[in-house]
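Here you get one chain, nothing else, as structure tokens; it is the form predicted on its own.
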Amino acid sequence: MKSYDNVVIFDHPLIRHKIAILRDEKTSMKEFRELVEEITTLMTYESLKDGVPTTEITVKTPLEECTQQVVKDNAIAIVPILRAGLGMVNGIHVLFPSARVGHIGMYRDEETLQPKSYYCKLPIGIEDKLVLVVDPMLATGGSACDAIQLLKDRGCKHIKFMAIIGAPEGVSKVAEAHPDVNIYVSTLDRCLNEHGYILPGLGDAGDRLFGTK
């Protein structure tokens, strides 16, 4: 895959360790869900180090007053792509507990592999927030592209996309379709198979998060 200015592939030993356990078919649903949240927290910390909306406040320490920067109230929105994206929400809430949450529902047509939208509910004023779009798997890139475009159509100007595992095909598609959106992926896998699943991947993230087949 060629390099893109708006794509960051993390190379963090702690994330690599957790992904190794995440991939294992023997990992339980409970542990899988916890790992997804832990990896998301680490990704959020890294992906927001280049800037997050802040404001200055005055703090009185036991010794004197000082000026500090804090994250602006109501400045961040989390938008999971249903349903697997729900597994990443708590990982962001650990760092931003007051972040509003929107939901975009999409599914992939099993024959065409194209995304189909079926639900959208977004927080009021989302166009003024930093929006974190999350989905554990960035496979073909169709759902991510459509979700980002939907947010842009609603007036959102500051969007970041986070996926735990990405395929070169999907990462390239989103990077080229939305060059103004920063894309953060924990690890880049080899390719997609004929059914649009990431290899080596980890199977269906939604099924493993929620215990369905």
Ligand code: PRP
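The structure displayed is predicted, hence computed values, not measured ones. Note that residue numbering follows the sequence shown and begins at 1.
This protein has a second form, the form predicted together with the named molecule, left out of what is shown; the following refers to that one.
None of 95, 101, 82, 120 but one reaches within 4.5 angstroms of the named molecule in the predicted complex through a heavy atom, and that residue is 82.
Across the options 23-31, 44-52, 140-148, 60-68, residues that bring heavy atoms within 4.5 Å of the named molecule in the predicted complex belong to 140-148. None of the heavy atoms of residue 77 is located within 4.5 Å of the named molecule in the predicted complex. When contacts are judged by a 4.5 Å heavy atom cut-off, residue 106 counts as touching the named molecule in the predicted complex. Shown without its partner, the chain has 204, 206 in segment 190-213 as residues with a non-hydrogen atom within 4.5 angstroms of the named molecule in the predicted complex.
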